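This document opens with one chain alone, in structure tokens, the form predicted on its own.
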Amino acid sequence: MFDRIGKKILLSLSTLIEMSDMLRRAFSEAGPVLTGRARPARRVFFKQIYFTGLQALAIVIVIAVLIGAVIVSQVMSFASSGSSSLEGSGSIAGKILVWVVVREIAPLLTALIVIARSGNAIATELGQMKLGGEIQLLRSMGISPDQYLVAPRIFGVTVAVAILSVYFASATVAGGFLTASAIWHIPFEQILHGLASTIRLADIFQLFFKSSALGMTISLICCRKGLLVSRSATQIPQAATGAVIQSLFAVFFIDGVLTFIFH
């Protein structure tokens, strides 16, 4: 049993070292990719933002609005069950939207949506390119795969998750506002008071930092899994499945660690 535990620990450490080295190489290629000196890589970067961010925007907003409606409805139901008056409950709902959504749910659920939509696709695409010899062809042409394939995807997914998290938080608050006003007849001012009295600059920083960390982790895992494909086409779905599972585990783990650190 101890042998198996030791092997798993060593395997985890080896994986972390590989991912750290991949991230280091990606940052070393960040300048040409982001400034446009490597135009093909920059196009891949923007395409990744489009696929991961813009194409997922509709589903993110729909889910966020529904979650906002559910949260406010639960708060109002709880408030009405203990008192005949809903006075002040709008302010409480605004505070809960900050505590629950901005600090926790927005980056976490955005990351889960990105894993479901893009994680599988990234691992599959890179696996097919590796199996088809396209990566070796890039090397033979003097083109760095880290610059053309890895760095644009890592930074593209990171930027997309950070931006989507902001839209998620905003849409959740909007859904809560609409539900409180249309169904529970709570004035907007009450929720705005709760939001304004609770939200801090540190909460905005936490939202961006946590979403960026989760996005970077997802892209690292998916790129690594895709590039590990080497022998047969049957490894591609295995790599895609492994990328999704590892990303889910890593996202929940990192989210828990960051929440503990921030609070």
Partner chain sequence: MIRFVSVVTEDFPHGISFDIHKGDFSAIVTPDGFPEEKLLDLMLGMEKPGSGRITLLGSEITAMTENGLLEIRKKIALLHAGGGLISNLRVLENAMLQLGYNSDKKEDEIRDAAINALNRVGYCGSLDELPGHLTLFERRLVGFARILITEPKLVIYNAAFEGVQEKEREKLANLADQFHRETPGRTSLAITSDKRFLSGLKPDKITGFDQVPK
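Bear in mind that the values here come from a model prediction, so they are computed numbers and not experimental data. Positions refer to the first chain, counted from 1.
The discussion below concerns the form predicted together with the partner chain, not included here.
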property: Segment that reaches the partner chain in the model of the complex - one of 98 to 106, 180 to 188, 142 to 150, 69 to 77, heavy atoms within 4.5 Å; result: 142 to 150
property: Contact residue in the model of the complex, chosen from A213, A56, A41, V65 - any heavy atom within 4.5 Å of the partner chain; result: A41
property: The single option of L138, V166, A116, L192 touching the partner chain in the model of the complex, heavy atom within 4.5 Å; result: L138
property: Heavy atom of each of E125, M129 and E134 within 4.5 Å of the partner chain in the model of the complex; result: yes
